[in-house]
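Only one chain is given next, in structure tokens, and it is the form predicted on its own.
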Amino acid sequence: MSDAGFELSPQLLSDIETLQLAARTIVSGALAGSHRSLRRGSSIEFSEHKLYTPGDDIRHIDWRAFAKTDRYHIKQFEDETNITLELLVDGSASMAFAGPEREPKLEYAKKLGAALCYLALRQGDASGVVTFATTVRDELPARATSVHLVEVMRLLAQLEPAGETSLVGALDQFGQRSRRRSLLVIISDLFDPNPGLFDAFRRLAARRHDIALLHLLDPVEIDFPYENPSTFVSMEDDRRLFVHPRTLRNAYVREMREFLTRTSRALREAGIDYREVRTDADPAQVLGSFLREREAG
């Protein structure tokens, strides 16, 4: 089967369907007992109309507009108009890491990303995807059509971990091409050694984007539970290091905690919605907490 000249293999079709199913499951679990909006807070200031689509709140139907046009129109309010979700997904080699009996970080990221795009499109909002490693790799412009979800799932299903991390470059590229304010959700393990990382976030925030960072880490990367002497191999370059984990653990854990604290503080001071996400957490619970806290403002 092919689409727009691209051959869809049975495996890829299976991957897409699996992502779609995962997205629906995660969203369903996340929305249990909560609202569904990706937006912060709410507004009552009327802005414009849009055509009714199944799932819209019928309380917002403009009956006066219906009388004039014989078509159902929904009133949109200031915070509901022209919302665009832009998803930036880290596809660098380090995202292939997985602790014992856990899926790789990238697969977890795909599920979260697919669920967020599924939710945005279900709300009638536009959704776009950018994948990156050393540079921006693939880009799917934001659209709000129902068939767009298939394109989103296909792009995520095809994404394989490779290359070094350069989140700074991806943020700057996105900032330079972006012409409108967006809800920007970044999913990354943040393993970018560039000292200008926080400045890149500040530059993007200065453009008035609503930015959330889902900082994805496997618990092993935080707790360093290894016992036996081993050779540790970098996933993004040629470095190899033989160490005795027991002698290194205390220093490693201390440095990691300081890094996480420093990162959280710097990004929140810059107005970034920072969240540490561990891959042993239920994606539905992660997404549910994310949505509820955003709605609470």
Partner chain sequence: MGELTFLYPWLLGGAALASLPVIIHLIGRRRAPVVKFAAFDFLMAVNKRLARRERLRQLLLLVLRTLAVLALVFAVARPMPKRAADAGTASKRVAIVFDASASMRYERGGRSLFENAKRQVRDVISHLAPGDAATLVVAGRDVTPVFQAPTLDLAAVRGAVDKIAPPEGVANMGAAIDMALSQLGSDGGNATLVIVSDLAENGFANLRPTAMEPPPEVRLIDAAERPQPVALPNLAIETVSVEGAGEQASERRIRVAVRNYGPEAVRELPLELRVGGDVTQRVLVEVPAFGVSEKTLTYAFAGTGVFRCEVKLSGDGAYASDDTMAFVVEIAPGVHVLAIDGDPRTTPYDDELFFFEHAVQAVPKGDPTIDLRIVGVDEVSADFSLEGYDVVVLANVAELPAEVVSRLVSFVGAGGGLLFTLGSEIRFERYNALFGGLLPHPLRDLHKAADEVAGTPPLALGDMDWDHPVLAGLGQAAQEGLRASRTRSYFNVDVGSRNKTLAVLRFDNGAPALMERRDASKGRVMLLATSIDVDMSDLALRSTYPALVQRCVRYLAKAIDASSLAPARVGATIELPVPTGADAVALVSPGGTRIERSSDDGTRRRLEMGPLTEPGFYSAQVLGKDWQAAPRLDVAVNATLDESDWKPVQPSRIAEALGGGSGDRVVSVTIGAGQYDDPFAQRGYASYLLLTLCLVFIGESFLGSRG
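Residue numbers count along the first chain shown, from 1. Remember, it's a predicted structure, so these values are computed and weren't measured experimentally.
Just so you know, the form predicted together with the partner chain exists too; it's not on screen, but the next bit is about it.
Partner contacts here mean any heavy atom within 4.5 Å of the partner chain in the predicted complex, and among 91 to 99, 169 to 177, 138 to 146, 195 to 203 they occur only in 91 to 99.
Put simply, residue 105 is close to the partner chain in the predicted complex: some heavy atom of it is within 4.5 Å. Although the partner is absent here, residue 72 sits far enough away that none of its heavy atoms falls within 4.5 Å of the partner chain in the predicted complex.
Under a 4.5 angstroms non-hydrogen atom cutoff, the partner chain in the predicted complex has residue 235 among its neighbouring residues. Although the partner is absent here, residue 271 sits far enough away that none of its heavy atoms falls within 4.5 Å of the partner chain in the predicted complex. Of all the residues from 203 to 234, those having a non-hydrogen atom no more than 4.5 Å from the partner chain in the predicted complex are 220, 221, 224, 226, 229, 230, 231, 232, 233, 234.
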